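First, one chain by itself in structure tokens, the form predicted on its own.
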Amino acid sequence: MADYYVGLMSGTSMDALDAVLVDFATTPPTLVDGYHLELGSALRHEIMGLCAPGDNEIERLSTLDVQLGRLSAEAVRQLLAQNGVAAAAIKGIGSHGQTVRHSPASAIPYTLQIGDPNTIAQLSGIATVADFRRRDMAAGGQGAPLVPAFHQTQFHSPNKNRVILNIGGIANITILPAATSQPVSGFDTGPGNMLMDGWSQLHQNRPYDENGNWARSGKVVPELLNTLLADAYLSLPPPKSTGRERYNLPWLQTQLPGQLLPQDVQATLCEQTATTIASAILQYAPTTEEIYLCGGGACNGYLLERIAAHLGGRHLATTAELGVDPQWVEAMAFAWLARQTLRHLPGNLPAVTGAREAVILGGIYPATPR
């Protein structure tokens, strides 16, 4: 008998909402299907506007909260319709929500995701679990990354030391030792696609640099690269997490040493992402034998080439080699987290987030009986 859950994910790239249908009746869980809902440039612009202080924030946030909740429910409806599955067959939805602020290093740490789970539960007719990060922060953690616990379930090998590398707007790694006596760990390594996407939008009016072709056409600027690699976040020890609050276009423009060719800046940003990822793996997981990529950055061929160049011949591939399309891995994780919560089981890994203890994550928004 199927054990269906739905996962919803909208990451720091803010370009789309991913919905997946996952069957937990198998071990490891089976990805049944996914649905990709583009947010559109106008909505993306509105969401990005909430990532920094501005006028009329409460009204804008509240409106977008409901709007994203409605879109989330529509993504679930479309996903189930294309698979001929009734809402009544789904045990729960796990919704990450759209992060608009994340500040774990503040005097009073906080994080905020929008995409009203009340709206999702009401419109979908399915119990919804959301607001996963804040319980981990209440326990003294960073609130992120939360996907390593799922990576352990889905991708652990008893024979090989692995790293799962997610490259979204921010890049993060999960370190999966083959020996179960060693703890799983992980953290945000720094910028993933975020700065490259923003620079591409600014100079080419394109939301991303397809396959890294524009970066490939440029030349790395050593002075700029050294400045970017000197950023204080990169030298912090884990546990750590970061986001758009730190890495954004205004920040990048303060780092530029002068007038540079746009394609050279893009090449340098690509090299920054590749270097920081590889450095994190080599420093914190030096015995790694296999690295598997997921997230949008897994589609950037030039970025993958640059990461491989720094990793000394280690096996580098996408999670497709392990049977899971790299586009859907994070959304799958939130289906898993919803299942953990509804079964009253912890979802965080203290060794990853820095929390004082493992805790049950998220709030539950029950469905209305129909």
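Bear in mind that the values here come from a model prediction, so they are computed numbers and not experimental data. Position 1 is the first residue in the sequence shown; the rest follow in order.
Note that the form predicted in complex with a small molecule isn't included here; everything after this is about it.
J.: Report yes if any heavy atom of Met14 sits within 4.5 Å of a heavy atom of the small molecule in the predicted bound form; otherwise report no.
T.: Yes.
J.: Can you check whether Glu210 is within 4.5 Å of the small molecule in the predicted bound form, heavy atom basis?
T.: Yes, Glu210 sits close enough to the small molecule in the predicted bound form that at least one of its heavy atoms falls within 4.5 Å.
J.: Can you tell me if Pro145 lies within 4.5 angstroms of the small molecule in the predicted bound form, counting non-hydrogen atoms only?
T.: No.
J.: Please run the contact check for Gly297 against the small molecule in the predicted bound form: heavy atoms, 4.5 angstroms, yes or no?
T.: Taking the distances in the predicted bound form, the answer for Gly297 is yes, it comes within 4.5 Å of the small molecule.
J.: Residues Asp18, Gly168 and Asn193 are flagged as a possible site; in the predicted bound form, is every one of them within 4.5 Å of the small molecule by some non-hydrogen atom?
T.: Every residue of the spot touches the small molecule in the predicted bound form.
J.: Among the candidate stretches 288 to 296, 152 to 160, 251 to 259, 71 to 79, which one is within 4.5 Å of the small molecule in the predicted bound form when only heavy atoms are counted?
T.: This holds for exactly one stretch, 288 to 296.
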